[in-house]
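Quick heads-up: the structure tokens below are two forms of one chain, split into structure 1 and structure 2.
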Structure 1
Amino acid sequence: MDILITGLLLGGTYALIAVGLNLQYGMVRIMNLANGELIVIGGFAAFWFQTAASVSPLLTVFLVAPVAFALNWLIYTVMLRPLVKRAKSRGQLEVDAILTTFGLSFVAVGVMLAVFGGDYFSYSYLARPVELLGATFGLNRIMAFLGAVVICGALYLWLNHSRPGLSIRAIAVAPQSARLVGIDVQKLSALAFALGGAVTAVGGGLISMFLTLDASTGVMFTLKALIIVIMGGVGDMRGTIVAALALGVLESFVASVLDPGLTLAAAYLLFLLVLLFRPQGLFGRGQA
């Protein structure tokens, strides 16, 4: 039972780092390879407010979210919208976006190294043991998991039961047809990209309560988020959440029963199996 709970808590962490990318890639078709760097920035903001002003990371996220939203809105408007306008196909847009955000990730790492330095940073917050079903877990991990539940649940409801959310889903399926029914594709695409960035930064702030970060760790978060998004199905919020939880449970099982050094190999093996047998994602429908 402790393996299952540990895996679910880890899966909640993975959901925090993946749902933002799912909004950006799944809804707007922008493969944001600078996603992990935004996680590190959110984590550093929580670290700085906690160590310099004793502000709780649970409050810092409310400061980080609007700043990250504005920053990602600006990035989309200035850097990515021209790519969208000139792209003649979705394939070309994805390639251009990959190259652009790949360069942006290097810029972000360079800026963070100049500002943060190359040292690791961490802090202790809610690092108190809590007993669940006979096993002991850190309260900070439990709070991060609850944060993931709230964020993922709110996004799922918004995408499926609000007019802007349904319009964004329509853009993800058929952007040209969405224009014909009066949907402002440019505005809502910018909204989805900015919202994805805000969620990612908030996730970074929450996981910084128990993870040690540095300026160069963003690439690992990007890779893990990309694996989860593709496993769950691009644009499928439900699939992303389930894939994150499944990956967390798998890694917890492998680390406890086999060898902690095999967790990354197990994650990529699961990823390859999904690509081979369910390329459309866990809940996607195969092509007729």
Structure 2
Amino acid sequence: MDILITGLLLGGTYALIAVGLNLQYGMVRIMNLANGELIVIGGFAAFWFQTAASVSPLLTVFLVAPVAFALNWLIYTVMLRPLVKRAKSRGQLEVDAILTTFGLSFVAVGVMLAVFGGDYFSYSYLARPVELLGATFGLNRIMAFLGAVVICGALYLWLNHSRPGLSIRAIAVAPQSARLVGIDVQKLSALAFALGGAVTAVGGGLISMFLTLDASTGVMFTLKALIIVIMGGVGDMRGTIVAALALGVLESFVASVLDPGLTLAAAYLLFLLVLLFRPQGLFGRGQA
């Protein structure tokens, strides 16, 4: 039972970072492999404010979000839009985007190594035990989970019940036709990309409350977020959340029953099953 709850709590934060990636990949069709580094940057910010000025990470995220939004908006308009314009096909854009965002992720890791060094960093915040359904959990995990629920919920409502949300979903379905009905594809793509980045960085700030990070852990988060997005279905928010919770539960199950060193292997097993049986994602409609 406590494995299940631990897993759900972990899955909630995974959902946040995967939703951020899905906004970028599912809606704007940019596979952002620097996603994990954004998480680490968000975590670094939370760490720094907590240790230097003892500002609560839950407040820091309100600062992290607009900064990450601006940064991602700049990355999209300056670096990625020329690639979108130059690409002759979706495949070519994918290759270019993969190489560019890999480049960005390595640059980010290099800069963080230079500034912070290669040490692990963690801080203690709200590390109080809380009784829940007969088992004890860290309060920080629960707060992170609640934060994730609030943000995912708000994002879901925004995407499904607002005009810009509707337009963004239209772009995700058919970028060419969206232009014909008067949607400003360029502006909204940049907006969705930046929003995805902001959500991811906030996820990083929340994760840093209970996980130890270092400058080069980003790629593991990228990998997990990618697996979740594909499992849930590209562009499908609901599927992403379900997949993230499933991955969280599976990971904590493997970590407590088999070996904590095998969590990635577990994620891969899930990924392989999805690739073999439901490559269009959990709720995706058939269209290989």
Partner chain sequence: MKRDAWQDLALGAVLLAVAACLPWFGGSYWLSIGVTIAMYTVLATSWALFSGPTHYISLATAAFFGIGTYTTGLGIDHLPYWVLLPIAGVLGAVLAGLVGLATLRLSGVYFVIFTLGLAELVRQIITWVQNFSGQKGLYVLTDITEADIYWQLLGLAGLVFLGGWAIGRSRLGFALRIIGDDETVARHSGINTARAKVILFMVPGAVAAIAGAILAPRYVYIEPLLAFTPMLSFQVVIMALLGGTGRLWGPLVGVIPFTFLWEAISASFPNQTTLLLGLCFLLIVYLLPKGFVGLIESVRRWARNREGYA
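Quick caveat: nothing in here was measured; it's all calculated off a predicted structure. Numbering runs along the sequence of structure 1, starting at 1. We call the rigid core the largest set of C-alpha positions that still match within 1.5 Å between the two forms.
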I need to confirm something. Of structure 1 and structure 2, which is the form predicted alone? 1
If I align on the rigid core, how far apart are the two C-alpha positions of residue 253 between structure 1 and structure 2? Answer in Å. 2.4
